[in-house]
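Form predicted alone, single chain, as structure tokens, below.
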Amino acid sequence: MSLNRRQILQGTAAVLATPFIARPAFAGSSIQVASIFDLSGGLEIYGQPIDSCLDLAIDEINQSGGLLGQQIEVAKYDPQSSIQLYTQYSTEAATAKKASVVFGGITSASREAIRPLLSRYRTLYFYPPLYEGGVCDRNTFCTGSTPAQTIGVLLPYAVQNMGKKVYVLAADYNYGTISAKWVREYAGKAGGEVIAEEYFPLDVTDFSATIQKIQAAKPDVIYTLLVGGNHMSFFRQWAAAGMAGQIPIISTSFGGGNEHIVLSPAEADGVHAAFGYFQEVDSPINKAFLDRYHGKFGPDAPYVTEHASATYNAVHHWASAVRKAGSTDRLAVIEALETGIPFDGPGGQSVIDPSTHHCATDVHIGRVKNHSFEIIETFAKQQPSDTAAVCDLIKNPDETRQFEI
């Protein structure tokens, strides 16, 4: 995801009023890590469950004895949805705090702001949220899903069960535009076709003209790659126009910002989504995870999104590599991660692919019903084949860019 100019300016204004939040002092004998996630400034609905799952993972590791005989201490930075603060805080985490690893970034814009900095400072970096794919950087590990993993299973399901004519709505920045290309690719492979595409800046709130176009086009299914406030406005106006339930809607972004909880059942029920994690995944590991999560944060803790569960996985992947390496040294940990250590996370097993530094992961299709997702189907061990098509860090370990694929 990315930010538009207005959000950046709003975030910058907030910076002037409030520097940033908690930064606990490090103890000399502890392992120092840093997190940089938006906990305010407009993206906090994404950042709050991410932060909670990071805390849970670190608590679990510390309570089991820590790493290499030391406790983990985390410096938390809230960039307040400001790209300027992302660069400032990542620099501070790498230089002043000398963090062994940084977990951070929600939008693709924030990731691309700090990834080069952390590579330059040789500070290991984990980016957990789902995204459009293509990052190829030996210093960076991406634990969220990519289009090949989610769109690659959702489109064939939709064409088979809903119809061939697909109408695409997407946010107008790299996440939406690149993901829409993958929708066209997988629609064609599944025997369907994209009959229309529309792109919207994040601050668009009036979808009345779009709804009229959709009614005229009569698609079999709508694929939405809108984000946050866009989704709220579209779905409310779609329902107000009497269209709720009239045309199936599918998405690989709906629910990432808890849209299914904020919208009413009349507005959201029936939407199908695909993610690497839903809170409703029925497994003993997920049940135990949710018991610990709600035990720590209470029964009203935020819904755990894929962004959040992938952050939990990221911390444990890093910890496993530190144990295997017997060191927090950056290169030693990277080499340990590249052995493909598996982690049985809440959504299923996650395994780091050494060639791309992305994860092979289980993917689930869910359907919204009364503020929850019913799991319809699960696809085991989906590979990050989109990024693998352009990225081979074993052959080209010095690569440091994001390919547009």
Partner chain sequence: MDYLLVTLLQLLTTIGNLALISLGLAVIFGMMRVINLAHGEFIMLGGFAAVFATQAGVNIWIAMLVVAPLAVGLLGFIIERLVIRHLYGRMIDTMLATWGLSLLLIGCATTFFGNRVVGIAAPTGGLRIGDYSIGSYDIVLLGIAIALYAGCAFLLMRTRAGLRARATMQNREMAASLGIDPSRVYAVTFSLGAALSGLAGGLLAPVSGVVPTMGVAYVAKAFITVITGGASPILGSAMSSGLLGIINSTMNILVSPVMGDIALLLAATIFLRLMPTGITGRFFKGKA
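No experiment lies behind these values; they were computed from the predicted model shown. Residue numbers count along the first chain shown, from 1.
Heads up, the form predicted together with the partner chain isn't pictured, but that's what we're talking about next.
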Q | Sole residue of 215, 160, 95, 84 within 4.5 Å of the partner chain in the predicted complex, by heavy atom | A | 215
Q: Work out which of 335, 282, 203, 291 lies within 4.5 Å of the partner chain in the predicted complex, going by heavy atoms.
A: 203
Q. In terms of non-hydrogen atoms within 4.5 angstroms, which of the given stretches 313-321, 206-214, 119-127, 150-158 touches the partner chain in the predicted complex?
A. 206-214
(Q) I'd like to know whether residue 262 contacts the partner chain in the predicted complex, with contact meaning heavy atoms within 4.5 angstroms. (A) yes
Q. According to a 4.5 angstroms non-hydrogen atom cut-off, is residue 243 in contact with the partner chain in the predicted complex?
A. yes
Q) Would residue 248 sit within 4.5 Å of the partner chain in the predicted complex, counting heavy atoms only? A) no
Q) If you check in the predicted complex, is residue 237 within 4.5 Å of the partner chain, heavy atoms only? A) yes
Q) Can you name the residues of 156-184 that have a heavy atom within 4.5 Å of the partner chain in the predicted complex? A) 172
